[in-house]
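A single chain, nothing else alongside it, follows as structure tokens in the form predicted on its own.
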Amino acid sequence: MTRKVCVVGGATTPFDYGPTGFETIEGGAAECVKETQRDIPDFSLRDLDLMIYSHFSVHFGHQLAPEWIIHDHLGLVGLPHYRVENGGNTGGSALYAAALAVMSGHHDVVGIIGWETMDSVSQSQGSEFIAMASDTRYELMVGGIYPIYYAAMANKWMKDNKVTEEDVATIAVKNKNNAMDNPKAQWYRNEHRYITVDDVLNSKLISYPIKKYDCCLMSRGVAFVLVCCEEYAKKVNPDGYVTIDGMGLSSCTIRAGDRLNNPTWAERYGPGYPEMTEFGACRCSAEQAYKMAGIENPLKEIDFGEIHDAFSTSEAQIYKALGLANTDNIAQFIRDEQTHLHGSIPMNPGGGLIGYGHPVGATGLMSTIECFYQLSGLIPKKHLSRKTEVPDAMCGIVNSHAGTGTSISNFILRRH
């Protein structure tokens, strides 16, 4: 990068399906800004020169252009603003836009506020709203919703890679148990118990092989991230800022079946890739981020990650797309618990979408905030214990994901 891009702070409201104490989005946004100001007292809203709003669906809030209301309530009249929407990758795409704005030199201090109020409707209606992000002319008309799309992909991917239901259940166990000391996590605020592989396997079948505990949590929540140039970072948080050293954003077909022999991927990776069950956009965007950050061996050079675990099966698929394992060793990679806190590259120490929650527009920002906390030494302050602190972490990856791998972003963050 020609101009360094930094993250200096951020916060979320509690995530939940139901009351969080911040029922208005503008109130939640204000609370996130206030918590950030408690961490970095020299930050003022008057320092911002751009606001980006990260929001997936106006269906949940019954309000077009809700970002205008938040902007007004924060007293930011006159400041340029716009909204980013890109499905499940909305938060990652908003971060990408903020980083580009700072990298270009056109803006120095950019705030990002993301949110979703998915508890405003029943969970079944929420699933219907989210399914409207698929191709409604073909997929929705045959009864498709995202757990079904992912289950179909997972079934074949697990068979092809010799990964079992027990293997992916360990991922769900890891993420829910990682959320046990995170007071803002939905799992902490609700069931709040340590679970086992048997608990996952015996939970309600959603769509084979995906069970209830393999799924992310539908949530209400708000998040705020502060992105800036290095000069401003040194001014307000000289000892705690992190740098975005690499980033990538890529896309794939909306329908997984259209990926077979797609000329874009055949030209880039040769015939036969990405098949129907691999995330080509994740591989491509990760390669962009690795190249920018100078990473040649991600398994050795990245200390941990906060990645988009919409389902335990998709987290397993992402491991492979990030280049951490291949068809020959992905099953053993999972069984050796390489992504647990005691493993070589812990994933989702903050709980991920399965433990923390998934208010879509806020989710990618939550992952960025948890990564920032790890790298800036704030986990003991933000969590209730040091159990989920990655020791001596210097480099983390943030992954955000939409559709069935239709849009995926990756970011490499480093302690400066």
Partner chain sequence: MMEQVVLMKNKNNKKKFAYEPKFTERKDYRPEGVKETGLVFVGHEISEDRTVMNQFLHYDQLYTIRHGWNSKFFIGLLEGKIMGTRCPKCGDTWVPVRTHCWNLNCKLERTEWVEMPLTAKVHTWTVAGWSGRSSLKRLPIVLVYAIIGDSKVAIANELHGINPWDVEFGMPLKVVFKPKEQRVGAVTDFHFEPADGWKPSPMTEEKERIKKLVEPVYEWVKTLK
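A quick note: this is a predicted structure, and the numbers were derived from the prediction, not measured. Positions refer to the first chain, counted from 1.
If you look for the form predicted in complex with the partner chain, you will not find it shown, but the lines that follow are about it.
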Complete contact of Gly294, Ser376 and Asp392 with the partner chain in the predicted bound form (any heavy atom, 4.5 Å): no
Where does the partner chain sit in the predicted bound form: which of 226 to 234, 269 to 277, 339 to 347, 85 to 93, heavy atoms within 4.5 Å? 269 to 277
Heavy atom of His62 within 4.5 Å of the partner chain in the predicted bound form: yes
Would you check, heavy atoms only and a 4.5 Å threshold, whether Arg335 touches the partner chain in the predicted bound form? no
Please determine whether Lys204 contacts the partner chain in the predicted bound form, using a 4.5 Å cut-off between heavy atoms. yes
Please tell me whether any heavy atom belonging to Asn329 falls inside 4.5 Å of a heavy atom of the partner chain, as the geometry stands in the predicted bound form. no
Can you pick out, from Ser251, Ser127, Thr164, Gln288, the residue that has a heavy atom within 4.5 Å of the partner chain in the predicted bound form? Ser127
Work out which of Ile195, Leu76, Leu100, Ala151 lies within 4.5 Å of the partner chain in the predicted bound form, going by heavy atoms. Ala151
Counting only heavy atoms, which residues in 255 to 285 are within 4.5 Å of the partner chain in the predicted bound form? Arg255, Ala256, Gly257, Asp258, Leu260, Asn261, Asn262, Pro263, Thr264, Glu275, Met276
